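Okay, so here's just one chain, in structure tokens, the form predicted on its own.
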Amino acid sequence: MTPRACIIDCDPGTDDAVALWLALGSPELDIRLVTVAGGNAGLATTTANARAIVALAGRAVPVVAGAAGALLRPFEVAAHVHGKDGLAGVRLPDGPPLAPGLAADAIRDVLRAAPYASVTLVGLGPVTNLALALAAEPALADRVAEIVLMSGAWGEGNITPAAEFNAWNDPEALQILLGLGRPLTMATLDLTSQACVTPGRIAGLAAQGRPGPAAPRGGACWQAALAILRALPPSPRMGDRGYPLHDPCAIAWLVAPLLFAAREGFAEMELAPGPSRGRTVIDRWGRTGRAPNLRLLETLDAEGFFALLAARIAALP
């Protein structure tokens, strides 16, 4: 089976780290480029984290810096979740320098060299870089096979009552992607809440890993992933019993789609100022009569998801 060519746009971020290791450990994916925006932390921090995450996996994927802020305003960081360093205090060895250039340009370069409908764009943070790339050269959208995002919610938000963090940080950018007319899959908060990390789940994961006497519980990536999972605070939205592991759900869809059930729907962004700004207004039942513009991931086989994480990340160096 030919690996799927992917560009991963991210803002590492604890769950971005786990998602990147899942992607880099999955032979189904051919990661051509990692682009980075601010979001979970400032751009200097997220780019340093992305370089370190990719390097720890032993991969030579170029990492390119992009947007330090949203299309219309600065990003809001999430240090209360990810810590000031973005990785909840887990230290990784420094990675190699950033690849030259800007993320939006690098994305367009990959797309220009690609055949029709052959590259999957994965957005794990505010999608400013992806929107800038495609808004500047809309004809390149036909090179995109699918857009896969961790973003949005059809229910309650997690940064405001109405909005999910990634969508709220740059709703104009997300609206650009929703209007491209390319296949788009979204893992919303309603889905990612099913990937709940509890103390019992962490204990079970810690008992897994790569077999063998040299590394009975996996390599450096697996140990770093476990350290991150242990460091994150429980979420009040989850009744303080654990926290949702958001971004790896988007990668898992690409690697193991049978873990999910999905339906088609229509989504548009609330862009007006006020308490609903950044809300993803999602019609799951055809009430608006609008033609579907996305696939919504609705349910997750959580046991299969965490088994996938363990198998793929523990196989990394």
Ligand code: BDR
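Quick caveat: nothing in here was measured; it's all calculated off a predicted structure. Residues carry their position along the shown sequence, with the first being 1.
In what follows, reference is made to the form predicted together with beta-D-ribofuranose (BDR), a form of this protein that is not presented.
**Student:** Even though beta-D-ribofuranose (BDR) is not shown here, does E164 get within 4.5 Å of it in the model of the complex, heavy atoms only?
**Tutor:** So E164 counts as contacting beta-D-ribofuranose (BDR).
**Student:** Going by a heavy atom distance of 4.5 Å, is V127 a contact of beta-D-ribofuranose (BDR) in the model of the complex?
**Tutor:** No, V127 is distant from the partner.
**Student:** So in the model of the complex, is beta-D-ribofuranose (BDR) close enough to M150 to count as touching (4.5 Å, heavy atoms)?
**Tutor:** So M150 counts as contacting beta-D-ribofuranose (BDR).
**Student:** Even though beta-D-ribofuranose (BDR) is not shown here, does A224 get within 4.5 Å of it in the model of the complex, heavy atoms only?
**Tutor:** Contact with beta-D-ribofuranose (BDR), no.
**Student:** Counting only non-hydrogen atoms, choose the one of 88 to 96, 150 to 158, 108 to 116, 226 to 234 that falls within 4.5 Å of beta-D-ribofuranose (BDR) in the model of the complex.
**Tutor:** In short, 150 to 158.
**Student:** Just to be sure I understand the contacts: of A131, V144, L189, V197, which is the one whose heavy atoms reach within 4.5 angstroms of beta-D-ribofuranose (BDR) in the model of the complex?
**Tutor:** Flagged contact: L189.
**Student:** Given a 4.5 Å distance limit between heavy atoms, list every residue of 21 to 35 close to beta-D-ribofuranose (BDR) in the model of the complex, or none if there are none.
**Tutor:** Sequence-ordered list is empty.
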